[in-house]
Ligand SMILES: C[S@@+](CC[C@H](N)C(=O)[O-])C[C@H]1O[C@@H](n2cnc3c(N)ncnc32)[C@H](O)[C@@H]1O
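Okay, so here's just one chain, in structure tokens, the form predicted alone.
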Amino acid sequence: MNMMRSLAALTFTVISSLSLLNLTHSATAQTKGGDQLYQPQVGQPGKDVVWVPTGDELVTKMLQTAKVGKDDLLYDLGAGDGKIAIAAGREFGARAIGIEYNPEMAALAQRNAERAGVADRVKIIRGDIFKEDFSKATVITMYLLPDLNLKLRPTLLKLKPGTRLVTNSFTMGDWEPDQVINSSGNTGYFWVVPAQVEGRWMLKGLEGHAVASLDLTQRYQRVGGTISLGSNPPQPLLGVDLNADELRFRYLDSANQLQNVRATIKGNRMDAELLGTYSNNRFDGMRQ
């Protein structure tokens, strides 16, 4: 009887040890970016890039810089093992969709989301970032090569004004970032998609003038231009600032007083106000 109990105890110990070994192996595999079903290798080739995961510290700083929150829908273009999308869901409460071309990697990323307990708000799809629709995103994250960033840039600039973009390591060519992110020797870049404001705007109700107009030029988020009041000659705008769909500028009025304008751009319309002295300070504009 004692021998039977000893054998049973030994069997239990062996089984427990093997189970612990398997769990340890599985956990170790996951920390390396894979699991027992698929083990990606750093530097392995993909459709357009090689796979190199973003460091944890930079992931956090990228998402913090973009002010990701529970009301956001984040798209990670080239999601790899799902690291950024999972962090957005787990640490910031966002909904996130990762787009990954490699079907094995996409399946791994979805398993990682399930293991992280965020599969209810993080989804990884197998797809092509140049074909999938991510127009509903409020935040876009990317770790792509410069030529791919440039290829995506026209699509990104057509996203809703105010959409936030964050990249690891690589810029958008001559589209200057709004912020540079530094993280232990690694670099990220942040942009806010600007409204498209270039053109001539006819203004109604500005200082009571029957005729007033804005002529705006634009290069991404950098804007300049002139304003014409009645029969007066055009004068340059001062302190022009465009942030998402909000345009601010200053000009000298008919009494040579400095006036401040804040306008919200809505496609070819603007709703605007003078921030100061006039009692009837609201006016609007239409782009010709």
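Residue numbers run from 1 along the displayed sequence. All values derive from a computational prediction rather than experimental measurement.
Note that the form predicted in complex with the named molecule isn't included here; everything after this is about it.
Interface residue among 194, 89, 78, 188, judged by heavy atoms within 4.5 Å of the named molecule in the predicted complex: 78. Put simply, of 118, 94, 129, 137 only one has a heavy atom within 4.5 Å of the named molecule in the predicted complex, and it is 129. The named molecule is not shown here, but in the predicted complex it comes within 4.5 Å of a heavy atom of residue 51.
Residue contact with the named molecule in the predicted complex: residue 83 places a heavy atom within 4.5 Å of it. Mapping the unseen interface onto this chain, residue 105 counts among the residues with a heavy atom inside 4.5 Å of the named molecule in the predicted complex. Although the partner is absent here, residue 175 is not a contact residue: none of its heavy atoms lies within 4.5 angstroms of the named molecule in the predicted complex. Exactly one of the stretches 197 to 205, 211 to 219, 97 to 105, 178 to 186 approaches the named molecule in the predicted complex with heavy atoms within 4.5 Å, and it is 97 to 105.
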